[in-house]
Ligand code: TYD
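Here we start with a single chain on its own, the form predicted alone, put down as structure tokens.
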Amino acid sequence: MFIVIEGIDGTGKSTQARKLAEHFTADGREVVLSREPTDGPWGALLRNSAETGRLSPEEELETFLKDRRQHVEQLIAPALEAGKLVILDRYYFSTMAYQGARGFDPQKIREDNELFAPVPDILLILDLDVDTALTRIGSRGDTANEFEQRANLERCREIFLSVKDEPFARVIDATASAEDVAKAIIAALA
């Protein structure tokens, strides 16, 4: 099974990905937990750009595609072929949202990614209003970077929610406690 967790910054994706991995591991499943951007060379370049100044829109989109292609080839596809459960903290839906907010066509981004990137079995969209997300970003001691500005997050949230009617998508209200959100995710998967 291939599960992707998405949502704007501050929704608790990383926390929920870890909790979900722990849940399935406790059930005896072999779980691969990963994230995008990855820790590989392309992902590192993207992570650093969030702090040091974003790449041009074209360079950023191309770097996300390179990072994802490497991720699919080296980790995601082999793990799925081996029968493992793969859980991702962000995937091409984030590229649709964040690069879509920079002016690219989200549907074209999706089409380009789905030429090589497998579609998830389940897409969990953690949804949260932008004010609460910004409060959470600030409370974790971070200063909002360029990806985390109000107008950008509002547009990204719209793009994430634009795929909510896909048969594999589930929208999860992320305003509750981490424990309650985890319970809602398990219920949605059931």
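From 1 onward, residues are counted along the sequence shown. This is a predicted model, so every value here is computed, not measured.
What comes next is about the form predicted together with this ligand, which is not displayed.
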* Asked: Taking this ligand in the model of the complex as the reference, which of Arg29, Arg150, Arg47, Arg69 has a non-hydrogen atom within 4.5 Å?
  -> Arg47
* Given that the partner is absent here, does Asp127 sit within 4.5 Å of this ligand in the model of the complex, heavy atoms only? -> no
* Within a 4.5 Å heavy atom cut-off, is Arg35 in contact with this ligand in the model of the complex? -> yes
* Structure fact -> Checked 112-134 against this ligand in the model of the complex; residues with a heavy atom within 4.5 Å, sequence order, are none
